[in-house]
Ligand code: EPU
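The form predicted alone is given below as one chain in structure tokens.
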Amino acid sequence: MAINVREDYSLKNLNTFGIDVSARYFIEVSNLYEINQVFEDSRFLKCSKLILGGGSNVLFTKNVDGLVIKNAIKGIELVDEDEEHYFVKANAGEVWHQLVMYCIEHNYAGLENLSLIPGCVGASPMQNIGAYGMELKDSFKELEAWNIKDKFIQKFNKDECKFGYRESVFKRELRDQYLITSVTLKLNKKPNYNINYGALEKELEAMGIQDLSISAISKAVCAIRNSKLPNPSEIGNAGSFFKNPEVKRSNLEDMKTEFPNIVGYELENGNFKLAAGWLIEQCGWKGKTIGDAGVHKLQALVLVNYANARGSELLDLSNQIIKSVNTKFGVELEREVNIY
């Protein structure tokens, strides 16, 4: 069956910023056969290609003069289990939060702290998504990905993915070389609750939770996220736009002499993670708007498209924020969102 190729296709409804750009060519794939068809199609051999999942971590600054491939491969299944773990395989086109809800419904523990993170399963290992004291790598077993050059499915274990803070091999040396098709997770039969993150502990107390469960933790996480972060269906955004920067202990001590309220969280490597939102807020950006582009009034980490902002305007706003934080604190912010 021939694949459906659409030309000059609007991507406005396929990115959570709601940026109105178009793709020269657009194809949605739902299985490996269609993926193979796309990459063997002579029309696209010399064409640049962009793999798009939920569009929740991209900022389009111009039209895409190439092929956009929407990864819509669906399916979730229990593929194995042992005395302590369930092994769940989820295809890349599944919505991440729906996978979390599926696991909670079946009492597969380990993803509850990652509730309500926007995007699809395929993007989760690229970013090594994380929230409230947990990251994807904590539950990761392996993934399968289509090798674009050699046209075959390749498996990657945790070490081969080179996970870091919002990082993986797929964002660096293997960028644009693979299309992730599935992720297999190692989940717990006996929950290992992680509620050490301050806001999460407070929310559980406010909810009056006495008997912890993965469902209760998920509900608390959703409540916190809904109270702090704008809904992309109501205001265009991509969640946290910047990474929390990492500094050495000596740098933090120097900053404390001038900014005694600055907070740093110690990491395993002895360095400290700073709250990027706090740094941005101290520079006066929280709630500020420039045209239709702005910084959210409740969370300075989130840049928003209030109406019809162009991607270039949001990128320019991010550049101004980076410059002002560097000037005030001597810290270079790094974007978490991918710019196209």
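Everything numeric here is computed off the predicted structure, so don't read it as measured data. Note that residue numbering follows the sequence shown and begins at 1.
Just so you know, the form predicted in complex with the named molecule exists too; it's not on screen, but the next bit is about it.
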May I ask you to check whether G236 falls inside a 4.5 Å heavy atom distance of the named molecule in the predicted bound form? no
Evaluate G75 for contact with the named molecule in the predicted bound form, applying a 4.5 angstroms cut-off between non-hydrogen atoms, and reply yes or no. no
Is L174 part of the interface with the named molecule in the predicted bound form - any heavy atom within 4.5 Å? no
Heavy atom to heavy atom, is Y265 within 4.5 Å of the named molecule in the predicted bound form? yes
Using a 4.5 Å heavy atom cut-off, are Q37, K70 and W146 all in contact with the named molecule in the predicted bound form? no
May I ask you to choose, among A309, L59, L301, I27, the residue with a heavy atom within 4.5 Å of the named molecule in the predicted bound form? L301
Among the candidate residues Y132, F140, F156, Y178, which is the single one with a non-hydrogen atom no more than 4.5 Å from the named molecule in the predicted bound form? Y132
Within 4.5 Å of the named molecule in the predicted bound form, counting heavy atoms only, one of 83-91, 162-170, 212-220, 187-195 shows up; tell me which. 162-170
Where, within 229-267, is there a heavy atom within 4.5 Å of the named molecule in the predicted bound form? Residue list please. L229, A238, G239, S240, F242, K243, N244, V263, Y265
